[in-house]
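For this one, two forms of the same chain are given in structure tokens, first as structure 1 and then as structure 2.
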Structure 1
Amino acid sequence: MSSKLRAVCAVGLALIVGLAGCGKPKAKPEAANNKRTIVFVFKLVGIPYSNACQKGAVQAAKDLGINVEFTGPAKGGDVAGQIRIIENQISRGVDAIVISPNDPNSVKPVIDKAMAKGVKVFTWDSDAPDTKRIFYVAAADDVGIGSDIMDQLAKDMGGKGKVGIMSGSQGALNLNQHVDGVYKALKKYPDIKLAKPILYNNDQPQLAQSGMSGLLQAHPDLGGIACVSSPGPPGAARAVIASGKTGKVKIWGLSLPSENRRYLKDGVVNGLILWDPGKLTYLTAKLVNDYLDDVKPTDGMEVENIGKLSVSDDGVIIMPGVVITKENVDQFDF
């Protein structure tokens, strides 16, 4: 009895796989409206940063008259999920895929495969340098951002004191590179000492705050903190306010202005290093669209509303970033 039933199931399974194998490829979905489709694959969807990017993508779709879609894993650091999504887009046969890889090595096989199948692949926000991707659009390099944060912090600390570092998850490559940047810059300031341990907030505001509170207890003489992921500065600010150390502990970091507006104005957070994610995505969509029309980006080209781009030989396109302080925070609406 039981083995018969199992046989039925096995036949069912075989049927499914078999049907799948025999099926014939149908027309591309885009054929319906004949528009070009560019898909952005985020590191993670459903967070403010990706949202700000999506606004730029929507605007670009409108201005350029193309389809721009966005997708990405729903949980942080989901490298496998991201590959799965890219595979999906390849079988869908879109015109171009723009990726912000969670990990540069992991996407190599799938990027090379996409290129071989005629789907153009680009990266933005984070790079995958050793792949066949066509170009990479960034606001700054990952290590450079860390150094910039540390330099600004050192200036505000007067070049001496104790400094802490707060990152997001221990597994995130770009964050680890930011931290490397902070270390690198730290070497220039012999009078600044590192306060251990390095805090990891796992991208959760609560952990950012409690971690910072702990660090303030462990190092009562802490002079500043460099935060390399977005929940960092507001979380650190709340901890600093709660312990009445506003102004004594300087906070610089990578975060969105909307999350920090109040803290910047109150002088708890000293400044942010960032770029406009919407503009970055808009620019990327435009450059990719141009590329598909056979117009290639050139070094030093001026782009309206954005500024002068630097384009290097290995296909890295850098858009100028911004330093946000309480003076200019109201100019940014993301």
Structure 2
Amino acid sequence: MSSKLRAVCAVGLALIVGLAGCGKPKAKPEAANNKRTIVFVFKLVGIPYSNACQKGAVQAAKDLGINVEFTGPAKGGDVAGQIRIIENQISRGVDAIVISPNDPNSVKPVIDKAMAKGVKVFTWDSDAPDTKRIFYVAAADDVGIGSDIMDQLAKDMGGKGKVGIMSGSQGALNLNQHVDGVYKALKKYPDIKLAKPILYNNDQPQLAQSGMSGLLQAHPDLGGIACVSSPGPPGAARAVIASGKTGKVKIWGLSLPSENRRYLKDGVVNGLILWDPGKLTYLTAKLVNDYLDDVKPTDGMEVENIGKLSVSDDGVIIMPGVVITKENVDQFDF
């Protein structure tokens, strides 16, 4: 082949390669093809409260145009299972993880690990304050809501009698703070005595009912129960109905209106203090998404359909809550 012919062939080959390259653009890095991903890791999935939270996550994904996922262990109090789930999210390289810890101390190493790898970590519903979490979103002052529940209960008990306390997971910081609030308020009522032991239902409805049944047998003169986790009031209500003590044992607690509507209307449950879990999760997703865009929450800021937020120097954000009774329960659809 002559040198002239070789040159012509080389030019032709270069044109073919160049045209092939024009027809097939370079692949983008995988991260650029994905939306921002925020993952909520709850204490337990499959109960009405977590289902309500998940609805807020789904709505946030739609409104914010990002991926918002909701997950958690399938059984209550599963500390190891929750940590495994968080580890998986770190391995995936998601943008942010929002945790409601089963145990605040147990998640400290995994939060450290996530932050070191550039995965931002936040808490909501329950806090892990002595960690590197960026901020905590709550629907109430965790001690104050326990005190409010006890104050309402004491009023309905006429300031005297014997009262029990029911919580969920024994290691959850927010629930332990709710219990601390109940104890704090109890000091104001010298004629109200505590019926021991404290009941822990691990956020399981059946354990809430059976635990209450046992407390009623141990204390036939029980006058009331302060419940600081969602399955508590309906579980206590079923036990009170079965024992024939409707109206004699007052029930106040933290729970969903949908779980208690008929018990409230029938006078078995006296009242609830809560917030909309869907709105709490939606708000958290919005605040986290804003933070990832370098927009930080500020004290007194107004959020549409939520209200005015309280933001403290230690990174605790509180949204307004509500008192739910038979008179207003039909106003709530969660």
Partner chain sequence: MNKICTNKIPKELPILLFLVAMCAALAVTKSTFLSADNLRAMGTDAAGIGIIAVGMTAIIITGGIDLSVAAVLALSALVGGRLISDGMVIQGCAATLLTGIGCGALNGGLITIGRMPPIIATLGTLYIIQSTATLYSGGQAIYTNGHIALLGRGFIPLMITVLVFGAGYVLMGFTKLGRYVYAIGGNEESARLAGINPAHIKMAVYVSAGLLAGVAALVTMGINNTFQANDVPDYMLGAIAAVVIGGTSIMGGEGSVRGTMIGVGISTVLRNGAILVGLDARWTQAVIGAAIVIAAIADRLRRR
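Residues are numbered by position in structure 1's sequence, first residue being 1. For the two forms, the rigid core is made up of the largest set of C-alpha atoms that agree within 1.5 Å on superposition. Just so it is clear, the model here is predicted, and its values are computed rather than measured.
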Check against labels, form predicted together with the partner chain ends up as structure 1
Does residue 89 move appreciably between structure 1 and structure 2, meaning a CA displacement of 2 Å or more on the superposed rigid core? no
Core-aligned, is the CA shift for residue 196 between structure 1 and structure 2 2 angstroms or more? yes
Aligning on the core only, does the CA of residue 166 end up 2 angstroms or more away between structure 1 and structure 2? yes
Superposed on rigid core, residue 176 CA travels between structure 1 and structure 2 a distance in Å of 3.4
